[in-house]
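The chain that follows stands alone, in the form predicted on its own, written as structure tokens.
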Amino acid sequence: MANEGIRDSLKERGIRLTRQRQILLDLIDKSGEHLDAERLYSLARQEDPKLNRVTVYRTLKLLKQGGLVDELDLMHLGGDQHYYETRMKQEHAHVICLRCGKVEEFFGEPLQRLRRQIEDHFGFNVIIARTEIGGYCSHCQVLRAREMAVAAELPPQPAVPKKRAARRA
């Protein structure tokens, strides 16, 4: 994300690009990961030990409201955790392993084709599209297949009889 574009976008909204905001934007944009607020806080403190947690959360809210950052739930793999990425990225799908949590980004013509089909079919003007696809990565598919094979080899477990309530005469 170009610093000039960030400054212009914030300036249009009457928001100053402070050093702390710049640190957070750079971490989100350049980390190559999908970071949650706590991880961002931890990384930002390495650059500015005076930065506090409240500032991180307020800044994320401000950047989100300003349209510079998207908040993602990534199939709720981390419970209620939300992850952040810059909105200036090219539109893409998140491909998420439901076992290990690995997140890949898919860019390509199929997404653009889907967007056009939706616009044509519904007469809809798509502004932003978020796509999440859950499944198992190649590594976890192998592990899962092994687990299923082991489970299939186990002898059936006897049913545990339910205890009867004692009857009173």
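The shown structure was predicted, so the numbers you read here are calculated from the model rather than taken from an experiment. From 1 onward, residues are counted along the sequence shown.
Keep in mind that the form predicted together with a further copy of the same chain is missing from the display, and what follows is about it.
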### Message
Given that a further copy of the same chain is not shown alongside this chain, does residue 54 nevertheless sit within 4.5 Å of it in the model of the complex, heavy atom to heavy atom?
### Response
no
### Query
Does residue 134 reach a further copy of the same chain in the model of the complex if we count a contact as any heavy atom within 4.5 Å?
yes
### Query
Is residue 30 close enough to a further copy of the same chain in the model of the complex to count, meaning some heavy atom within 4.5 Å?
no
### Message
residue 67 versus a further copy of the same chain, in the model of the complex: is there a non-hydrogen atom within 4.5 Å?
### Response
no
### Query
In sequence order, which positions of 123 to 141 have a non-hydrogen atom within 4.5 Å of a further copy of the same chain in the model of the complex?
123, 124, 125, 126, 127, 128, 129, 130, 131, 132, 133, 134, 135, 136, 137, 138, 141
